[in-house]
Structures are given as structure tokens and as C-alpha cells.
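Shown next as C-alpha cells: one chain only, the form predicted alone.
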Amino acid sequence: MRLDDLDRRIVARLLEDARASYAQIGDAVGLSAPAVKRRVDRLREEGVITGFAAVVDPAALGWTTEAFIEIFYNGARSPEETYESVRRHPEVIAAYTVTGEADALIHLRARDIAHLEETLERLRREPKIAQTKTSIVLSRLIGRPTDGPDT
């Protein structure tokens, strides 16, 4: 699937405000509301737009501690096995396989340091996890809704 400039501009506008009307988006990109709707429908059908969500401040929900955890396994571990071992922990908000010394990197949020410690203890009890290395986030400098180019 190939996106043209108008598709990119529509997606960028939706990333800024997913509640913007088709008319508002059309005004911003130079299309009519029906033309924007057709493009958004196509982008959804093609899987470019996978959904719409409310963006909530985690601190407002009491999740004030954020950390990145490097995971080191005993022996080989497939991405599927890694996924299965971390998905059952609700504090994990993202997980990645990575290059370098660690086998995986997870991003998690917790209520406080005690909750973070409890979560780390649960993670360390997962089969084959030999070691973890934690970096606690002091402040978020950039938080973009997407990491794609040209948005």
C-alpha cells in the first residue's frame, strides 16, 4: 500500500485530533468532507489506520512510575515465547525484541516504586528469564503518537 501526500496529511491531522470532523480535515488538506471520508475508509480497509483511541494521561489514572526493562534469557527464546511471557503482565505497555546484549526490551508503567518492584519480581519468575536491567524514566522529553516519518 502506497500513501500519497494527501493520505499522509489526513493521517497527520487524525494523529493531531482523531475527533476532527471530515469537514475540518478537508479544510486542512484541501478536500471535500466526502472525499476525506472515502480516503479514511480506504486507509482503514488497507490497515493503515487500525483504530481510534482516547489518549489518557497515565498519571491521572495513578500510574506515575515508568521504566524500561532489558530482559536477558537463559538460552534461545522466540519472539512468540517472549510475547507470551510478558503479555500477561498488565503493567507492560510495549515489548520489543532487540539487538545488543539484551534479548528483549519492555516498557512498563506502575503506580509507584513499590508496584514497580513487585512487577519486576513477577517478571523475574517467568521461565528462562535469567536477569533484568531496569532504567526508570525521570522525565519524558518527547511523546509522539506515532514514530513514522512524514507525519
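This one's a predicted model, so the numbers in the text were calculated from it and none came from an experiment. From 1 onward, residues are counted along the sequence shown.
Another form, the form predicted together with the DNA, is not on view; read the next lines as being about it.
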item	value
Interface stretch in the model of the complex with the DNA - options 51-59, 37-45, 120-128, 82-90, non-hydrogen atom within 4.5 Å	37-45
Partner contact for residue 31 in the model of the complex: the DNA, 4.5 angstroms, heavy atom	yes
Residue contact check: residue 23 to the DNA in the model of the complex, 4.5 Å heavy atom	yes
Partner proximity in the model of the complex: residue 19 to the DNA, non-hydrogen atom cutoff 4.5 Å	yes
Heavy atom within 4.5 Å of the DNA in the model of the complex - qualifying residues of 40-69	none
